[in-house]
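Take a look at this single chain in structure tokens; it is the form predicted on its own.
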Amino acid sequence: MFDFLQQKVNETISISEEEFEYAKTLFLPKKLRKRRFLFEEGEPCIYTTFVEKGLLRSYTIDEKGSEHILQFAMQGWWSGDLYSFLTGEPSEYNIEALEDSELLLITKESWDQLLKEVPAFERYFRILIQNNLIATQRRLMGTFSATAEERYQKMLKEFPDVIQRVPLHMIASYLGVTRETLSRIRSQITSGS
């Protein structure tokens, strides 16, 4: 169950087999069925989670009852609420499985131990966090400056697998548009307009 994690770690940093074997002892494997929650808004995020297989979504619901999707996390991605994970404060997000998923969970205590015992993992997580910050800033700027069609085209290019696996209303939520707007955009793209 750790094969994909090892592959992703080795794409970013170099660690020995012995170091990775130690790291494996700190993770908790978990299977999460489709439509089940890893955690819900108001609960602390006690794990940061690596997706070995499957697909998760992180989202919040506003006071009007509208969903706002922050992230889709597919195989090879990490998911969680970093602020809640680091501080122990209740999360503002829900994380739900969109498919039956196989996950690797690590607690804050085990994460700290991993960073102390295998310093290369500190570099690994720093790189992940800095890449996430860059992606978040770009997504935010795209929300301000790109049209809905440009945001959809970018998603098609960068995450074609997600487009195939996620219902349209969730893609619309992620893009910050209505389902009707997304349907119109998809129709225009299909007709070549």
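Heads up: residue numbers just count along the shown sequence, starting at 1. As the structure is a prediction and not an experimental result, all values here were calculated from the model.
Here the subject shifts to the form predicted in complex with another copy of the chain, a form of this protein not shown in this document.
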- Quick one: of I46, V162, I69, L26, which gets a non-hydrogen atom within 4.5 angstroms of another copy of the chain in the model of the complex? I69
- Note on the structure: Contact with another copy of the chain in the model of the complex, heavy atom within 4.5 Å, among L105, L98, L115, M74 goes to L115
- If contact means any heavy atom within 4.5 Å, which of 33 to 41, 124 to 132, 47 to 55, 162 to 170 contacts another copy of the chain in the model of the complex? 124 to 132
- Item | Output flag, N94, A148 and I185 jointly within 4.5 Å of another copy of the chain in the model of the complex, heavy atom basis | no
- Message: Please determine whether R138 contacts another copy of the chain in the model of the complex, using a 4.5 Å cut-off between heavy atoms.
- Response: yes
- Does any heavy atom of T143 come within 4.5 Å of a heavy atom of another copy of the chain in the model of the complex? yes
- Task: Mark Q153 yes when one of its heavy atoms lies within 4.5 Å of a heavy atom of another copy of the chain in the model of the complex, and no otherwise.
- Result: no
- Any residue of 71 to 97 that, in the model of the complex, places a heavy atom within 4.5 Å of another copy of the chain: Q71, L82, Y83, L86, Y93
